[in-house]
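This document starts with one chain, in the form predicted alone, laid out as C-alpha cells.
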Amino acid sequence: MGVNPSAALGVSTEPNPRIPADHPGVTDLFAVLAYGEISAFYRLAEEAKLSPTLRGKVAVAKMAAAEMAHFDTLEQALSARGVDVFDAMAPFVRALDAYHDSTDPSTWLESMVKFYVGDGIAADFYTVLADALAPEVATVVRDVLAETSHSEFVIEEVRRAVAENRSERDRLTLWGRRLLGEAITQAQYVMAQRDELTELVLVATGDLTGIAALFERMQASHAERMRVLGLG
C-alpha cells in the first residue's frame, strides 16, 4: 500500500497504544492485511496487460513487487506469533475476493484509479488502528502502509487523461464512488464475521459512534484523493 492518510484524516501519528500486542485481533489484522497484499500482487500483475505503454507495464510490475514485499513482512510477523499465514488468511478470502470481483477494472485508467483510491481507502482505515496498537505491532502495520513513489505515476497518468477528455473524467468519477462504497461494505462485512477484529476496531475507535465517524472521515479523505486525481 502506498498512500499516507494521516493528514487527510486528521489523525495523530503519535503513539498512544491501547491495544496490547497479544490481543487476538492482531492476528486477524495481520491476516487480512496479508491477503489484501497478495491479492493486490496477482491482480496488478494481471492488470499490467491493460497498459498501453511499456512504461506503464514496468510501473505496475514495480507496484506488484512492492505488494509482495509487504506480504513477506506480514507472513514473518504471523510466523513470529506461531501462526500459519495461509490458515490465518482463509477467513478473509471470500470478502476480499468479492470486493475485487465487484470492482474488476475494464480499462487501464480504471485500474490506476482503483490502485490509488483503493490503496488509500485501506490505508485510511488501518492507520487509525495502528495508532492504537502496541509499538511492535504498529510498526508492522505502518511498514506495509508506507508511501511509495508509485502514487506519483498513477496521479500523472490519470490527471493527463482526464484533462483531455471530459467524458472520461465523468466516468472515472463514478468509478471512484463505486470503489468507496464497495470498500466500506466489505470492511463492515469482515468486521461482522470476525469478533476479535471487531473488538480491536472498537477499542481503536472508542465505540460504534467512533467507527461511524471513522467511515465519515474516510469519505472526506476519499474526496480529497479524487481531487488530486483531477476527478473532484
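Position 1 is the first residue in the sequence shown; the rest follow in order. Keep in mind that this is a model prediction, so the values were computed, not measured.
There is another form of the same protein, the form predicted in complex with another copy of the chain; it is not shown, and what comes next is about it.
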Only one of 58 to 66, 176 to 184, 195 to 203, 161 to 169 gets a heavy atom within 4.5 Å of another copy of the chain in the model of the complex; which is it? 58 to 66
Contact between D84 and another copy of the chain in the model of the complex at 4.5 Å, heavy atoms? yes
Is there any non-hydrogen atom of D72 lying within 4.5 Å of another copy of the chain in the model of the complex? yes
Is the gap between A48 and another copy of the chain in the model of the complex 4.5 Å or less for some heavy atom pair? yes
Would F41 sit within 4.5 Å of another copy of the chain in the model of the complex, counting heavy atoms only? yes
Among A130, L109, M89, A77, which has at least one heavy atom within 4.5 Å of another copy of the chain in the model of the complex? M89
